[in-house]
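Before any questions on how it binds or moves, here is one chain, the form predicted alone, in structure tokens.
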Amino acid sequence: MNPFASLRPIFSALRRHKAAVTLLVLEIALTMAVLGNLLFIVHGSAVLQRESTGVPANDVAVIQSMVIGDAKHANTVKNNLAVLRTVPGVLASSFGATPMLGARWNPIYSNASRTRMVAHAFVFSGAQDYSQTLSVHLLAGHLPAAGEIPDATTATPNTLVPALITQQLAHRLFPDRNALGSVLYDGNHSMRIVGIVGTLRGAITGRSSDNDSILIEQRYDVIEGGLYLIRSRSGQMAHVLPLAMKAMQKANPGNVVGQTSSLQAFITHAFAGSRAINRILMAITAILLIVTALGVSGLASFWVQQRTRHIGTRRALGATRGAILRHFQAENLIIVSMGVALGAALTIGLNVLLMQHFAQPRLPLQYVAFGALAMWLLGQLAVLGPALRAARVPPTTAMRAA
């Protein structure tokens, strides 16, 4: 018995309904292309939101001071840090930038005349105890010591400041030798590398350059206003941060506090727009899947209604309910498979367009495979209702129609 003999009536039926089949194939292909790429975008965004900056974001908080002190209440870095160090629960405090807030993307040079640019990097600039407050993970060398930290108010671009460099950037700039002791330059600093640290991301964009960072420490004793950082014990920041703000306010009643939150809260807020976009994309994906399922189900229902007499005849000639059910499932599988074949090409083509115009990464092939499986499963589920109705058509239908 020819195993493909049962497929001939299906292909004959499909040839008689070319227009409807073509439209459904296109709908399935477009849905698959959109599904694969939107899921890839949403998953990539979700992964970015979980990316670590290298700083314990729940235990580090930012307090922005926005006022100039007076003769009685000097709102200087020196005075404010002295206050913050007395707050119960504060393990370390400093003044400077944080990941995603204030780190500058600077050109880095290998010579003092700043003519040989070797990289771009995020430069984290902060006061004494800055590296300890951010709790960077030291891999080699040492953290900046008090005796080697210059005064920022008197330093020149040629004044050596102690610097920590991420391991990733160190490997790239000094592939054949130890980076410790080397000097790098940006527009304002001469940075002598005293330590190598693990992860310290200036931004979270998914690019490897996010972790190209240099941290420097200087004294900013007489500077007024700016970003203050505190670090608490794990899980205690919600209790410690109000105490720190109250202490600063008590020391300087005229102090005005701007942004104040844990670093994690700031990062969460920064990704609020991405999360909203993800929800919109998922809603669009769900709507597309529902519309496609309705299209498959609607066309199958129409064909069942049109073929009621034919189905009754087959039942009268001995076809079982299972055979009728398998007929419509096989018909749907053929249509969806044609859509999947076209959809695979469209999925990759759409990803190429996104790579060219929106810097989207290359789509892994598993998203194409997932889209294909989703379309096959959706098609079988959508056709199940009409196929079951067809299977319930009694043999007497053929005689009544005659």
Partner chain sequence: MLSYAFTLALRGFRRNRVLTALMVLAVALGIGVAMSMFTVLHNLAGNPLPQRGDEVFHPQVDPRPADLPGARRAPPDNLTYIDALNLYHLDQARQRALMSANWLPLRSTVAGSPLRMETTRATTRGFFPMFDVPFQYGAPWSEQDDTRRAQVVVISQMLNDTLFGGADSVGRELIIATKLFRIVGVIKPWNPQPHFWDLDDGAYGAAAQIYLPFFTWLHLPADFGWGPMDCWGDNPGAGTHNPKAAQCTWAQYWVQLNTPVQVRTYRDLLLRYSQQQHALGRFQRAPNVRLDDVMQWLNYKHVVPVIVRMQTWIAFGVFVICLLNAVGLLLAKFLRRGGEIGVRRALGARKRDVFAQCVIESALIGLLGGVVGLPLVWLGLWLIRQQPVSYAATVQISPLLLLYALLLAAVATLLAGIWPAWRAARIAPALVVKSL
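Bear in mind the structure is a predicted one, so any value in this text is a computation, not a measurement. Positions refer to the first chain, counted from 1.
In what follows, reference is made to the form predicted together with its partner chain, a form of this protein that is not presented.
Undergrad: Okay, which stretch from 323 to 331, 237 to 245, 182 to 190, 129 to 137 lines its partner chain in the predicted bound form, with non-hydrogen atoms inside 4.5 Å?
TA: That would be 182 to 190.
Undergrad: Do Leu14 and its partner chain come within 4.5 Å of each other in the predicted bound form, heavy atoms counted?
TA: Taking the distances in the predicted bound form, the answer for Leu14 is no, it never comes within 4.5 Å of its partner chain.
Undergrad: Determine whether any heavy atom of Gly206 comes within 4.5 Å of a heavy atom of its partner chain in the predicted bound form, and answer yes or no.
TA: Contact with its partner chain, no.
Undergrad: Classify Ala272 as contacting or not contacting its partner chain in the predicted bound form by the rule of any non-hydrogen atom within 4.5 angstroms, answering yes or no.
TA: Contact check for Ala272: yes, within 4.5 Å of its partner chain in the predicted bound form.
Undergrad: Give a yes or no for Ile196: in the predicted bound form, does one of its heavy atoms lie within 4.5 Å of a heavy atom belonging to its partner chain?
TA: Taking the distances in the predicted bound form, the answer for Ile196 is no, it never comes within 4.5 Å of its partner chain.
Undergrad: Give a yes or no on whether each residue among Met100, Val352 and Leu365 has a heavy atom within 4.5 Å of its partner chain in the predicted bound form.
TA: Zero of three within 4.5 Å in the predicted bound form.
Undergrad: Between the options Ile216, Val90, Leu299, Leu263, which residue brings a heavy atom to within 4.5 Å of its partner chain in the predicted bound form?
TA: Looking at Ile216, Val90, Leu299, Leu263 one by one, just Leu299 meets the 4.5 Å heavy-atom criterion.
Undergrad: To verify the annotation, which of these, Ile284, Leu160, Ala82, Ala316, has a non-hydrogen atom within 4.5 Å of its partner chain in the predicted bound form?
TA: So the residue touching its partner chain in the predicted bound form, by this definition, is Ile284.
Undergrad: Considering only 34 to 65, what residues come within 4.5 Å of its partner chain in the predicted bound form, judged by heavy atoms?
TA: Stretch hits, in order: Val34, Leu38, Ile41, Gln64.
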